[in-house]
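Next comes just one chain, in structure tokens: the form predicted alone.
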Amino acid sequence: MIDKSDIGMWEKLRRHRLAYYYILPSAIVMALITAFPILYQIWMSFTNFNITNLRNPHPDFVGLGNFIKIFTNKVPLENFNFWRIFAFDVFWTFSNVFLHVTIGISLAVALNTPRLALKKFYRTLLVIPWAVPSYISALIWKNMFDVDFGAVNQILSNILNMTVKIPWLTNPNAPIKIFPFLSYAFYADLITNVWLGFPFMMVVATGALQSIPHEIFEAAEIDGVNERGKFFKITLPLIRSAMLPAIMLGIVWTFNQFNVIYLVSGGGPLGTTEILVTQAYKIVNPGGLYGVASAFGLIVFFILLAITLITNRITRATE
């Protein structure tokens, strides 16, 4: 006996088979390049897959062993502490995104001033950090933080009229005592990533600002609203729908900002600037622990999923 619901499904497939034929090639390609690696990674995360299994892919099943190793800090990496790195990664992400949004909106509002001369030139100039490949910017900034020949120390020396030799990338101590877990290298990474990240928020905010009818601001002026009131009661509420998805995207990008951390500070000194994604990389290279790294990747995915859902719930970004 044939189920009526199955008849309905097969009838729909038969009627629309031409459309399915059209998308079949792309569906096969997507399955090969996207779905298969994801499923393979999930399988590897439950095995002891290591470098010896590259030629003989028959590792032993270890269940949740890789996840337990990660959560109990038993991964054979120097200075590995999952919970410390996770807390640092969260702080790193939200401090960066806060500065990206604040600077981006401030510049967008400033450049949205009517009758401002050379407005297009300024906008083009400020987008350059975003246009340059991030790994090139990161390498340039790393050289700029050199203790002896870097531009940052030389500029500070000229400003303060004294020789400044701040060991930005080698001193594990905290320059600001109220943040004892933040070494000099954190501030070097922060400056680099803020320089890279604010143009995106500025571009999004600029687009949102230009969609606000100017008559609203004129009506507010007639009602006696000052500039601060117009910003908090008109500008921010009306650009909110554009900024919130950009902020969520910025959180995901910054949480996994491999280029800046790895190329500027290398996660050092003494692992003080490691984030989860740089640790995952080091588990593979030079660790060769592919099973543990796969489990690490899944953990990072679920952390980002949780952060995104919580942020979406609080901000109602998709409503």
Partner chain sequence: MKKEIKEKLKHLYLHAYIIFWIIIALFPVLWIVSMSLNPINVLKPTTLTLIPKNASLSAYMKVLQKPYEAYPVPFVQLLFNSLFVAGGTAFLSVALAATAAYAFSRFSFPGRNIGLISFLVTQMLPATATLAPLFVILTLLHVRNSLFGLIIAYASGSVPFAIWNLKGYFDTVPKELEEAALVDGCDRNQAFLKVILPLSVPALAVTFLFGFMNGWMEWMLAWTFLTKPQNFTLAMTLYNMQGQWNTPWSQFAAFSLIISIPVMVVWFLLQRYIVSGLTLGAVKG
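Just so we're clear, the structure is a prediction, and the values are computed from it rather than from any experiment. Positions refer to the first chain, counted from 1.
The next section is about a form of this same protein that is not shown, the form predicted together with its partner chain.
- The listed set Asn171, Ser106, Asn81, Ser95 contains one residue whose heavy atoms approach its partner chain in the predicted complex to within 4.5 Å, identified as Ser106.
- The closest non-hydrogen atom of Pro133 lies within 4.5 Å of its partner chain in the predicted complex.
- In the predicted complex, its partner chain sits beyond 4.5 Å of every heavy atom of Pro167.
- Its partner chain is not shown here, and in the predicted complex it never comes within 4.5 Å of any heavy atom of Thr72.
- Its partner chain in the predicted complex comes within 4.5 Å of no heavy atom belonging to Gly63.
- Against its partner chain in the predicted complex, the set Tyr40, Tyr122 and Asn259 is in full contact: each member has a heavy atom within 4.5 Å.
- In short, of 239-247, 87-95, 172-180, 73-81 it is 239-247 that has heavy atoms within 4.5 Å of its partner chain in the predicted complex.
- With contact defined as any non-hydrogen atom lying within 4.5 angstroms of its partner chain in the predicted complex, the contacting residues in 293-307 are Ala293, Ser294, Gly297, Val300, Phe301, Leu304, Leu305, given in sequence order.
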